[in-house]
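Here you get one chain, nothing else, as structure tokens; it is the form predicted on its own.
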Amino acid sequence: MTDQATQPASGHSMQPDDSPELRALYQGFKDNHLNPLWTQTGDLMPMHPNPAAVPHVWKWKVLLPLAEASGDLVPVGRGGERRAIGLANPGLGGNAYVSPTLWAAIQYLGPRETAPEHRHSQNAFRFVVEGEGVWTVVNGDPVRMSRGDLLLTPGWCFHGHHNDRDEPMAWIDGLDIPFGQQMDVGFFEFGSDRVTDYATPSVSRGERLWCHPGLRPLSALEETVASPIGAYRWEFTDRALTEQLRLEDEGHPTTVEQGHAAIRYVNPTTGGDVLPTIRCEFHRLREGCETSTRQDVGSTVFQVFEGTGSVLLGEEWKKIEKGDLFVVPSWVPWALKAETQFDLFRFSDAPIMERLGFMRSQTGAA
């Protein structure tokens, strides 16, 4: 037989000889929307992950001018909702998915602009690589957005943004949109045409209640699937990374690898990830540090916060600098090399992979 669908998937020779009866059988499969497993095993059950998504780097010096141009030409408001530009992985057919499970976008809000309130099932966060002036209002709590801050918008929380200044601001959004779309779990609801609060407090109500080291309010002892902290501030992230490296200098093995400090943002009610589907971390490498090569099931995205260096993606090293974003698809080897002190924000779908029992990691040569 010459029909490709009847050929063995992986060199297996135990296939029947061509006959009119066999051709009729395969035609019956086709007519009734059936596919025999024995012709597809190699695609359905590969020896290791073989992602359609590809490693890719998006340059901040290209992204930011495009976002600024969109600010001049495209209004923000009801209907479009957000001036957000999704990063489309070249291997995923033009969808604005950075990976099969994750969405990443640059969002831009002009002077005195408001992005109206809405809510959706998908979990979201914001990370600010530079700029000030925008407040995100989450379930009525105005949360200041500042350089180096991680801001959370858990699924089904009403949220809008307002810029209180005469200067624009850009940041990155991360969501689990592709995962939600593939699982058909999405809901969306418009809120008021205005955000619920135009106040501009320096500290949100969530921070006032939760952000006291080692202390937990007795009024909130139940566990929550997402962190109740709306903002993880840069000053604390920076301090934690600095102290890890100082302790390393003092002879205490507190870093991930020599010269490589890292933290994970956590939900204080569980000690687990800040969002049920997304893990967020921050990494700092000393000048000249190079990490081991890793491979991980699932996908991960980095943004360079400060400094210059290189990333190994598969077999190719690519130079990266402040603001650049890159994606590492499932099981693609990656490593980092710092030219200067190198600070990077990272998010991944690791909570999904771990809870479903699919997570696997490997360190060393691929």
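None of these values were measured; they are calculated from a predicted model. Heads up, when I say rigid core I mean the largest set of C-alphas that superpose within 1.5 Å between the two forms. Numbering starts at 1 and follows the sequence shown.
What follows is about the form predicted in complex with another copy of the chain, which we do not show.
If contact means a heavy atom within 4.5 Å, which one of 85-93, 163-171, 125-133, 284-292 is the stretch that engages another copy of the chain in the predicted bound form? Every other range fails; the passing one is 85-93.
Is it true that 56, 236 and 266 each have at least one non-hydrogen atom within 4.5 Å of another copy of the chain in the predicted bound form? Every listed residue reaches another copy of the chain in the predicted bound form, so yes.
Does another copy of the chain come within 4.5 Å of any heavy atom of residue 270 in the predicted bound form? Yes, residue 270 lies within 4.5 Å of another copy of the chain in the predicted bound form.
Residue 187 versus another copy of the chain, in the predicted bound form: is there a non-hydrogen atom within 4.5 Å? It does: once another copy of the chain is placed as it appears in the predicted bound form, residue 187 has a heavy atom within 4.5 Å of it.
Distance check, residue 307 to another copy of the chain in the predicted bound form, heavy atom within 4.5 Å: No - in the predicted bound form, heavy atoms of residue 307 and another copy of the chain never come within 4.5 Å of each other.
Can you check whether residue 199 is within 4.5 Å of another copy of the chain in the predicted bound form, heavy atom basis? Result no; residue 199 lies far from another copy of the chain in the predicted bound form.
Which residue among 100, 259, 110, 228 has a heavy atom within 4.5 angstroms of another copy of the chain in the predicted bound form? Going through each option in turn, the one that passes is 100.
Which residues in 237-258 have a heavy atom within 4.5 Å of another copy of the chain in the predicted bound form? Contacts from 237-258: 237, 239, 240, 243, 244, 246, 247, 250, 252, 254, 255, 256.
Is the shift of residue 25 between this form and the one not shown large enough to count as movement, that is, does its C-alpha move by 2 Å or more after the core is superposed? Shift at residue 25: 2 Å or more after core fit.
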